[in-house]
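Take a look at this one chain, the form predicted on its own, written out in structure tokens.
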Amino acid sequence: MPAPIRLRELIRTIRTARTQAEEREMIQKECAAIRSSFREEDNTYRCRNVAKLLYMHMLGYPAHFGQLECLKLIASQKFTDKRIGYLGAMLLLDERQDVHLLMTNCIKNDLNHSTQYVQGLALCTLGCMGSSEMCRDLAGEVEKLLKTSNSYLRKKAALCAVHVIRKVPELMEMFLPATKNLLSEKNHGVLHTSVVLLTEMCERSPDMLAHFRKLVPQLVRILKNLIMSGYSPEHDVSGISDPFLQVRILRLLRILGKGDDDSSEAMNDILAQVATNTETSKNVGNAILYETVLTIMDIKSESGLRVLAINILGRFLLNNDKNIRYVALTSLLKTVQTDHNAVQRHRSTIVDCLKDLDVSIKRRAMELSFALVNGNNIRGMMKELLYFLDSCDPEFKADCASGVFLAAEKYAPSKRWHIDTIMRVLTTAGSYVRDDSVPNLIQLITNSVEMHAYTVQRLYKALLDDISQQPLVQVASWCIGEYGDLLISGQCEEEEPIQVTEDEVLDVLEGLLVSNLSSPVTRGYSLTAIMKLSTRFSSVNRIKKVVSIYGSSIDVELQQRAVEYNALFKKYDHMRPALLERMPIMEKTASNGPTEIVQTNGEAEPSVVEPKHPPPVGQPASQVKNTVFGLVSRCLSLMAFYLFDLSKTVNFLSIGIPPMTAYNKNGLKIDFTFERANPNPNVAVITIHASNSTEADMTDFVFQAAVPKTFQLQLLSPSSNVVPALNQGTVTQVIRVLNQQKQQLRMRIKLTYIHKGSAVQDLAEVNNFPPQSWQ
């Protein structure tokens, strides 16, 4: 049989292929020749054939038929055969295949070989693909090599020990005596691998962590020698002595110093030296500084040292490298809660990052900017963030608008400023705001009695300029309906009043009813506003005519409103002034529980929510009940305005439906609580409560749900996209399900999140809903 072609010739031949089909034909032809050679037990060219097989494997072609040939090469006495054999074993075998167990005896023999390079091959293979059974059998041999005087073998044995500990954590104590001695080695390779081994042991065992804390002074001396040592061509990288070892030591010091005062005190000085003496002109120095900053932030460091760390991150923000700027913003975002004042010093630089072209940097800068907002800088920060909202990409507008709303509600210096800010957001990004922004702004306006004239005038002007932003149009329609008389009278003191007639106001509202830009909800707001103006304007006949026209609208909701309003004009005209009087002040909380603003048929209406906790001891249940009905009677005139069909019974209290657990897996628990929507009993309001019992936060959390076609589902925005660790908080999200046919509720949910750096996605079926939720 002729000698097979060499690997170099095979590579050259494959590269000449013009199409994938031609390449596949060449590979299949060569694989057939290799199989024939394997069947004939050709020992002369086995090494060459396996090498070619590994190249094909790298190209993505199957090469599993060469696994046993790799074992034969490992058993060979020639070093060149062993090298290819071990390489093939690392590429073609893993612990899921029983063939790898046949290697155990060969590896054991090679670990005791007289040649260090053969021993090194065995250590590399065991550290790469050794199973738990192999690690148990060969851990003693690895531990012996850790004590040898040969630096080449000690560094490979240390890395192999890391793999053994990961596979069989109970063998950790076996390596404890040898690990202590590794730090006294002068060879940087051994030092590096020993620090990796120490880090693995400390991360996996609290007892080891406490034991190795006594090594902090020794680690500090090693790091100090690295900083102070002169030029060494063997370890120098861009003028810095062995930056890889420095980064590893800093990472180990961070683990050892976390939560321990004595260890943190011992490393404060060296961390300050590293932070001040490291060159920042090269990326190598920036990597060391970043690890230093992380270590300072995690241990119990001095306040001056923390300020120094944040100043380093501030310098990173001025770097031309986008990756360094992103890393700095992410780190500042993690530390802003604990070192708020120090981060505030870099506010102008952070705000400048909002203008960066990179979308990742802009998002991190936006999140950090909102975290820096407080009562002292609210005006300046909101000015910058609103400018960013004007010019940012659509993907940022929703999050930015939500952040502005929350910051304005928390730190608003005055009610006028608060109203102006929210109106600016609605004008700029009205189509991107959350669903609850309209009722929240209506509540704010209602409670600001002294600002009614100013607000209705501003909103009327905004309506004349732009009617494309639906949330803004809805709020403006509501305000004109409520305070239209103030708009006509020109009583605004905060700014120069405008001169407007009743007909002009009605023209604007009628224009909204016929505009193609108006959604059905917006038309509902406009028709209701026109109806309200029948008690505030003198043009009652014109209003009657408009209302009667929409009694035959193809929009069922609009038609029902118009019919009921016509009935009010004809049958209940004596009740109209009382029913259409101004809304009372809406309070967020009441004595028995919260009063929340919900959006029903395009209108904001207060609904009394059942209290989540029982009444105080000593307070009679009848007294609590009377309190509830007292609130109902206060809102009766308001509710009658929206629900004119007096034959309908409205249930103001939540129906008692038992909660349920819909999902409980991998530390993530999803609970459902239920309420009935008022006034439509066919709508079930489900609130999800997501909690996390693991030790790490679950970020980028997204909950999705789907129901059969006989149902209709609306998923509102979640309270957050981060589920806090250790059950320290929950993420809530509201689901509305319309079930007109009263069928048993079934739901499929999809959960996606990032946990400990890994993306997680899971599907689940929820079919055990309590009967009260759908009957």
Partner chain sequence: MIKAILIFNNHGKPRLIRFYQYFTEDMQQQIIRETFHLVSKRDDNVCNFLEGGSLIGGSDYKLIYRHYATLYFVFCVDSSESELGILDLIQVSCCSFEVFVETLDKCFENVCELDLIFHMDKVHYILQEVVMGGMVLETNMNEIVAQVEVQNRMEKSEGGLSAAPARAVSAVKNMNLPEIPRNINIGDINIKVPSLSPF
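Since the structure is predicted, the reported quantities are computational estimates derived from the model, not experimental observations. Numbering follows the first chain given and starts at 1.
Quick note: we don't show the form predicted together with its partner chain, though the next part is all about it.
- 323 is the sole member of 109, 447, 323, 391 with a non-hydrogen atom within 4.5 Å of its partner chain in the predicted bound form.
- Checked against its partner chain in the predicted bound form, the residues 317, 657, 668, 159 give one hit for a heavy atom within 4.5 Å, which is 159.
- Heavy atoms of residue 133 never reach within 4.5 Å of its partner chain in the predicted bound form, leaving it off the interface.
- With a 4.5 Å cutoff on heavy atoms, residue 96 counts as touching its partner chain in the predicted bound form.
- Although the partner is absent from this view, residue 387 stays clear of its partner chain in the predicted bound form, with no non-hydrogen atom inside 4.5 angstroms.
- Mapping the unseen interface onto this chain, residue 439 falls outside it, with no heavy atom inside 4.5 Å of its partner chain in the predicted bound form.
- Screening 86-94, 466-474, 547-555, 368-376 for residues having heavy atoms within 4.5 Å of its partner chain in the predicted bound form returns a single hit, 86-94.
- Using a 4.5 Å cut-off to its partner chain in the predicted bound form, each of 7, 45 and 128 places a heavy atom inside that distance.
- Taking its partner chain as positioned in the predicted bound form, the only residue of 359-374 that brings a heavy atom within 4.5 Å of it is 364.
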